[in-house]
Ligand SMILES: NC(=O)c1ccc[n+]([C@@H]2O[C@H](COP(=O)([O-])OP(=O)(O)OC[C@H]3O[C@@H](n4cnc5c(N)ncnc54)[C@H](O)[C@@H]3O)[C@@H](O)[C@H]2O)c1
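Here's a solo chain for you in structure tokens, the form predicted on its own.
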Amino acid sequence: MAGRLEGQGIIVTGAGRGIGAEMAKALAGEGAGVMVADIEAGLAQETASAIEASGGRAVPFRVDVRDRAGNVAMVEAAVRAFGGLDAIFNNAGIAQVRPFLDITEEDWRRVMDVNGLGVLIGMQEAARQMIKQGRGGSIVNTASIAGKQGYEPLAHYSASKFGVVALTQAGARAFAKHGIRCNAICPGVVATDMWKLIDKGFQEIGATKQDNEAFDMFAKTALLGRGSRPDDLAGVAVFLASGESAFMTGQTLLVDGGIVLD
């Protein structure tokens, strides 16, 4: 039996590991051809190879999401590989722990450029291709529970993820007439390399003393009793790429085990 995404061409950025890798594997498992895009070419290749070893279709691609030309090339490569672009997951992102009063202009620009500008450019270039194709499409952005509540010492990260929510809503309004849907996923605390860096950052500023202490502190507030795993986000990714979410746009879905209730 064909998968729910059979014949689709999909891009996932930040797909070399963590949430992005699990999304890419799940999408490919439903029949999509997946471009595994990441700033680290080796990681992109690893994920793509794992997908192909499981019988799926995947193409690795190195991209810095902050770079317009790189995004254009990424979309063009996906179209060549799969015959078109049906969905994009703007998932690449970074986090940084800084006490509010210590955030510098450089810190702000770095986080905003990846998490905000990278999503803007990814949305624009995907939408241009989808409009040209004339058959609609799905744009999915990875926001965060920090896009619903501001957290200290993650103020600039929180601001960037609030920005992702705003871009999602604005894109939904801009592109609806073309049949392009824009939605966002808001993960909670997910056991990934990013959270290892966040945990380390909490220790460096003296907010925690032990490895995983920050992760466990946030995770214990989840109503479902644990922190998230990357594969917890896979099902909703497939849903948002598929026709099952065809009448849904401008929404942000919290997939956090019940940390934030919205």
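From a predicted model like this one, the values you see are computed outputs, not experimental measurements. A residue's number is simply how far along the shown sequence it sits, counting from 1.
FYI, the form predicted together with the ligand isn't displayed, but the following is about it.
Visitor: Please tell me which of 52, 231, 204, 193 lies within 4.5 Å of the ligand in the model of the complex, judged by heavy atoms.
Guide: Among 52, 231, 204, 193, a heavy atom within 4.5 Å of the ligand in the model of the complex occurs only for 193.
Visitor: Heavy atom within 4.5 Å of the ligand in the model of the complex: which of 87, 189, 180, 123 fits that? Just give me the one.
Guide: Of the listed residues, the single hit is 189.
Visitor: Within 4.5 angstroms, counting heavy atoms, which one of the listed stretches 219-227, 61-69, 205-213, 24-32 is next to the ligand in the model of the complex?
Guide: Stretch with heavy atoms near the partner: 61-69.
Visitor: Residue 94 near the ligand in the model of the complex, any heavy atom under 4.5 Å?
Guide: Yes, contact at 4.5 Å.
Visitor: Is it the case that residue 16, even though its partner is missing from this view, gets within 4.5 Å of the ligand in the model of the complex, heavy atoms only?
Guide: Taking the distances in the model of the complex, the answer for residue 16 is yes, it comes within 4.5 Å of the ligand.
Visitor: Taking the ligand as it sits in the model of the complex, is residue 165 in contact with it (heavy atom to heavy atom, 4.5 Å or less)?
Guide: It does not: once the ligand is placed as it appears in the model of the complex, residue 165 has no heavy atom within 4.5 Å of it.
Visitor: With the partner left out here, check for me: in the model of the complex, does some heavy atom of residue 138 sit within 4.5 Å of the ligand?
Guide: Close contact is absent here: in the model of the complex, residue 138 is far from the ligand, nothing within 4.5 Å, heavy atoms only.
Visitor: Quick one: name the residues from 19-51 with any non-hydrogen atom within 4.5 angstroms of the ligand in the model of the complex.
Guide: Those in contact are 19, 20, 38, 39, 40, 43.
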